[in-house]
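Taking the form predicted on its own, here's one chain by itself in structure tokens.
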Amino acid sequence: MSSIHVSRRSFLAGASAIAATTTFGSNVSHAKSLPTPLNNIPKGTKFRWVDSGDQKATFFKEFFERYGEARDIDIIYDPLPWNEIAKVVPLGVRNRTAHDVFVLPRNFSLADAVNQGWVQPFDDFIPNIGEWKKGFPAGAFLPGINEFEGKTYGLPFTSNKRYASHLLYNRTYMESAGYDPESRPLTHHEFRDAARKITEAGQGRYFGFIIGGSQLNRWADVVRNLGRIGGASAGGDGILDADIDLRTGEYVFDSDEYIAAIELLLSMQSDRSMFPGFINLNAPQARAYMPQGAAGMILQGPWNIPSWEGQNPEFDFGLSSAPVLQTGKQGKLTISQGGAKPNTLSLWSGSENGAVAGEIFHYLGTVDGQIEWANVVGAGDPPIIPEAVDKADLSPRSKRVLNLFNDQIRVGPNPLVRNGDLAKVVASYIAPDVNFARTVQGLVAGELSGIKEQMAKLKDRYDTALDTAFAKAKANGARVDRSELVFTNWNPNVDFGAADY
């Protein structure tokens, strides 16, 4: 695996093919401040970091160059697609060659990582860490989420008040199709019609819709969010709330709204409105085709905004809500308290460079660090400290999408807050082999048939997996019950606060 080396001696931007497909950032230099020296760090220390790249890489490449020079250390930064992270991180842990700091694979929880000895707490590397943590918004650090037995294992430096499948579109193609999604969200019917018209106009040169179909999480993200905006009441992306109606504690895979979302994808595939070869593209590759004019619409996240504005300023694109079932009817998307899970950073248990990680982590949790982060990354991965959003220099599109998120997203209950023993359920959970994302991918690719039948079977598989996890946790002494996933007072249209528990 080749790496990007960012150090006092070298700054090799785009040094690997992988990085080239995962970073699209601006060439403009923004980040200026540096971490306050907190720890003794030997000169010449080699420090390694891996995350999912995208616009984050624009910030970190420059930041690591300046920080490495200031502290006289070498930093190796690897921005990788999620498919690669799923291979590289477990392999590194197993072989005792892991990066000092990493994000976890999408299907792996921090509770799993702590339980299996992948990570170590970083409390000892941030002086007066309790006071520092008070600078974060309420709910950023939670037992069973990123705190275990009183120690801190995960840094939540970006907000999770976003969703990864709102509409981004080529404005010229969309206007030619006769639609203006910024005036009001497209319905499923209109979205399909726009994809078909754009494809017809393209005559083989461009297509209506593109998705990174080889990246499994994209299928779950799209269907989950289309379903919830359509009115399905379900939680976020945690093991104890994802795709569960927290008013009843039941999975909603077989709900009318989830099924309608899959039917929309199948209808566009039937219309041949999807970009050919989508099943072999990962998410970074799919988004890279948009500024090239190869597709008219994509359902992805806000990280595209600063990327395209920086690298493709001539690309005229708009953004809007994900499609809704019918005009005027929208549900809310529920997120859990805490930071954005895909960006939560952890310190490898075998790392001897906790002093370096501590300084960087501390900086990313200060207002100055958060402002610098927001100035580069923008709405793609919004800072978790609200003051930084207010003071950052954000583009009109970034401000628009953050307003969209404020309108569409609500904080839901987190079962772990009510009973910390539920962390043992999370640690015991093993997802079905044919999971949600794989089922949707199989249906769209034609490997599976019968949407209602497949989603009913999927619900049964998840029920079995969750019941098994509860049974294992109880056998290990946890005082838990699946009824603790039920919050009868939860209103999905309203934020769920501390007083509501």
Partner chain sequence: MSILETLRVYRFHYFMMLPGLLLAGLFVFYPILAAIFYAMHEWSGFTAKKVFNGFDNFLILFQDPIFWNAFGRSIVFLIGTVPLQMTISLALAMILNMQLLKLSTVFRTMIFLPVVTPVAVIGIIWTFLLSPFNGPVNSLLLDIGLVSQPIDFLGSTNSVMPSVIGVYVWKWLGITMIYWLAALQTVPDDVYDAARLDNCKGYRLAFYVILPIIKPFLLAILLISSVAALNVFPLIMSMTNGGPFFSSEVMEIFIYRTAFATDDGSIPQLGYAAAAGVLFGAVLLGLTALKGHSTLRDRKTTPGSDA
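Residue numbers count along the first chain shown, from 1. Just so we're on the same page, rigid core means the largest C-alpha set that superposes within 1.5 Å between forms. Note that this is a predicted model, so its numbers are computed, not measured.
Omitted here: the form predicted in complex with its partner chain. The next part is about that form.
Though only this chain appears here, would L404 touch its partner chain in the predicted bound form if you measure heavy atom gaps against 4.5 Å?
Result no; L404 lies far from its partner chain in the predicted bound form.
Is Y429 close enough to its partner chain in the predicted bound form to count, meaning some heavy atom within 4.5 Å?
Output for Y429 is yes: heavy atoms within 4.5 Å of its partner chain.
I'd like to check something about L34: if you look in the predicted bound form, is any of its heavy atoms closer than or equal to 4.5 Å to a heavy atom of its partner chain?
L34: no contact with its partner chain in the predicted bound form.
Wondering, does F108 line up within 4.5 Å of its partner chain in the predicted bound form on heavy atoms?
Contact check for F108: yes, within 4.5 Å of its partner chain in the predicted bound form.
Report whether all of H189, A456 and D463 sit within 4.5 Å of its partner chain in the predicted bound form, measuring from non-hydrogen atoms.
No: none of H189, A456 and D463 comes within 4.5 Å of its partner chain in the predicted bound form.
Quick one: which of 379 to 387, 154 to 162, 276 to 284, 139 to 147 gets within 4.5 Å of its partner chain in the predicted bound form, going by heavy atoms?
Stretch 276 to 284 is the one.
Which one, G350, P90, G135, P127, lies within 4.5 Å of its partner chain in the predicted bound form by heavy atoms?
Contact with its partner chain in the predicted bound form is made by P90 alone.
Sole residue of W118, Y258, Y173, F361 within 4.5 Å of its partner chain in the predicted bound form, by heavy atom:
The residue from W118, Y258, Y173, F361 that makes the contact is W118.
Though the partner is not shown here, which residues of 78 to 104 have a heavy atom within 4.5 Å of its partner chain in the predicted bound form?
N83, A86, K87, P90, R94 sit within 4.5 Å of the partner.
C-alpha of S109 moved at least 2 Å between the shown form and the other one on rigid core
Comparing the forms between the shown form and the other one, which are aligned on their rigid core, S109 does shift its C-alpha by 2 Å or more.
On a core-based superposition, does W118 travel 2 Å or more at its Cα between the shown form and the other one?
Where the cores coincide, W118 still shows a C-alpha shift between the shown form and the other one that is 2 Å or more.
Check W82 against A445 at the C-alpha atoms and report closer or farther in the predicted bound form, compared with the shown form; the change is 3 Å or more.
Note: Cα gap between W82 and A445 widens in the predicted bound form.
Change in CA distance between N83 and Q454 in the predicted bound form, which is 3 Å or more, as closer or farther:
The answer is farther, because the C-alphas of Q454 and N83 separate from each other in the predicted bound form by 3 Å or more.
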